[in-house]
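The chain that follows stands alone, in the form predicted on its own, written as structure tokens.
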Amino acid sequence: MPPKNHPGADLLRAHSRRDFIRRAATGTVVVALGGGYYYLDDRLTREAKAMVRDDGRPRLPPGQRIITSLKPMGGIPGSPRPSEFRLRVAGDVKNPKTFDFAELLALPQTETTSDVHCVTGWSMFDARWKGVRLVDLAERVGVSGRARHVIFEAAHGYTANVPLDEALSPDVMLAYRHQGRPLAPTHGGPVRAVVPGLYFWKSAKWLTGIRFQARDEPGYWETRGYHNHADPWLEERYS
């Protein structure tokens, strides 16, 4: 939005007001979240509550509402430069390795569409991602039979823990593109984890490492009162 004394400011403000009224009339609520405006769509939320997944669970977990674009959820950013990206894969693996961005892109690539569910109560349907499936990376480094947990490591010491069997689900990936574009720094670019089956804090942004290990290790939010598992359909928000 231009400053108040800009010649086009009144016109843009009027357009924004008309857009707000139009969306409100169609059942869409506009809310300010984290410095930006996002649309909580009540009509889509009502429709989503009638949808059922292939596994029989409702598509929209309890306590969630639909938001129309991915919301940045804060955190201390890491470097957004692909040239500075390094991913250290270690722990109970036969071939520990540190991947740079070009080496990550040399691995088998996958494009997936998944739903995102945030512990704060919003969900985004049909988020499109491109990247490397964690199961393919695990095969590349040779995860040992001792491993039972995956620890995602991110910038400034952030970690998130996921059980190995869920982390190796085919929809779990290391994503570097979102909605057809390079992953924005505000969403964790250049590379973030995407774990659609759990609340979104498990999908660590600004990824720096992955550890496969036998012992569970609660992460940043898990040690601060969040649930250790984080299943949205069971509303495992807090411990």
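Just so it is clear, the model here is predicted, and its values are computed rather than measured. Numbers for residues come from their place in the sequence shown, where the first is 1.
The same protein has a further form, the form predicted in complex with a small molecule, not shown here; the description that follows concerns it.
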Self-check item: Residue (of L60, A175, A204, V172) lying close to the small molecule in the predicted bound form, criterion heavy atoms within 4.5 Å
Solution: A204
Practice problem: Could you tell me which stretch in 42 to 50, 60 to 68, 210 to 218, 194 to 202 has residues with non-hydrogen atoms within 4.5 Å of the small molecule in the predicted bound form? | Solution: 194 to 202
Quiz item: Is every one of G74, W122 and H187 within 4.5 Å of the small molecule in the predicted bound form, counting heavy atoms?
Solution: yes
Quiz item: So in the predicted bound form, does F85 come within 4.5 Å of the small molecule, heavy atom to heavy atom?
Solution: no
Quiz item: Applying a 4.5 Å heavy atom distance criterion, does A154 contact the small molecule in the predicted bound form?
Solution: yes
Exercise. Check whether Y158 has any heavy atom within 4.5 Å of a heavy atom of the small molecule in the predicted bound form, and answer yes or no.
Key: yes
Quiz item: How about V141: is it within 4.5 Å of the small molecule in the predicted bound form, going by heavy atoms?
Solution: no
